[in-house]
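Presented below, as structure tokens, is a lone chain in the form predicted alone.
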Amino acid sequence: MAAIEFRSVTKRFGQTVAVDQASFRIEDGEFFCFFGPPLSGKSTILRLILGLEKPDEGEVLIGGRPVNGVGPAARNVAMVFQNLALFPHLTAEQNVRFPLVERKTDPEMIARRVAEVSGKLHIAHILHKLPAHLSGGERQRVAIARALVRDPVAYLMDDPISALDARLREETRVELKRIQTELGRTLVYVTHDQEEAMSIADRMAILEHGQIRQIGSPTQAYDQPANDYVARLLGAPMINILSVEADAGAGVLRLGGGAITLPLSAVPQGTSRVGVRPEDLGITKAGDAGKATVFEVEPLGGFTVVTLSAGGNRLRALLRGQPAIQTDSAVGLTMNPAAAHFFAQDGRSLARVGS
């Protein structure tokens, strides 16, 4: 049993609150991701789990056992640090073998585990090299292999594939997800890359200034953000968030200076701003629909990102294919009210009418 739980955990560094009253539970065998911008508290949470930091308040539990006073070695969790922490005087193979050698594991078992993990991470051909002779991406894969070669109760990974190129990063995260599923071990993963977080996590916690703003599956966080902070953080291009103006006489809510209108009957009370995902924003020929001006067109192969100017707002639409849209042309904007996200003045999400 390797569930990990925080109960009202706070960690301070001087006057800075790095983790603020964090409470969560990571289930046994779960791939759990902490996601947020730099300095949001992600790495500090990992260090608290590992035992390199002690909480100022609250309790950390691993497998149902409080571990506030337990040292890192006794917690039996494996860590891949962001700076990798490879031994420079040891070859890649010796670095990978190190945790098993320290535990006096049978040599045949060590050789088998090293061969299995190095094959999965495509590093068998570089095992004879020293870290100084490896590329940044190779060093990261060696560090990941050193963690995977063990049999801990949980794996902790602090942005472990950030130095890889885009194609190898995509391949490695798919491989990590597959390996975690095969091993059936708890994996706690930290990243500032929303694509990574969305693609590999069973559940994720979104952080801001040490506070957890939302916990849920990637789909839940994207489709039902708890507040406008979460809505802005997830999605590329970023969600359009527009101020609103009610027109009771016409029975509509005007967005973006009137470029888009929604029936008031579909808008929850207390709405201060409305969010529209770029993929939910439609572009039509200028006419009765709200008017906007095309500012920029970015063809991306299967998709095209169109930046628009409407009522002093900059909006972005994500369209399939490569539509014939010209810069500086006047267009109309449409959206489905069911796809809108409604936010109160304080930023929290409001329930849709009828939901």
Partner chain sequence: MSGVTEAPGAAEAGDDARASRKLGLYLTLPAQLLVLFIAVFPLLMQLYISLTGWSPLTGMGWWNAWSLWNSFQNYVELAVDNRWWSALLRTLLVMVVCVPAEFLLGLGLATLFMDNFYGKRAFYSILLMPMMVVPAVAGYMFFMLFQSGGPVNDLLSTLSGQNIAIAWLSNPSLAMVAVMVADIWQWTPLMFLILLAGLVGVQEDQLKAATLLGANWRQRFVTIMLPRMKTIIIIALAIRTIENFKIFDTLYIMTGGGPGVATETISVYIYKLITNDLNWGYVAAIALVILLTLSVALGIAISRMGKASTEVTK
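Numbering follows the first chain given and starts at 1. Not measured: the values here are computed from a predicted model.
One more form of this protein exists, namely the form predicted in complex with the partner chain; it is left out here, but the text below deals with it.
Taking the partner from the other structure, the partner chain in the model of the complex has a heavy atom within 4.5 Å of a heavy atom of Ser43.
Using a 4.5 Å cutoff between non-hydrogen atoms, Glu30 does not count as a contact of the partner chain in the model of the complex. The closest heavy atom approach of Asp158 to the partner chain in the model of the complex falls within 4.5 Å.
The partner chain is not drawn, but in the model of the complex it has a heavy atom within 4.5 Å of Pro38. Residues are counted as partner-facing when one of their heavy atoms sits within 4.5 Å of the partner chain in the model of the complex; in 160 to 175 only Ser162 qualifies.
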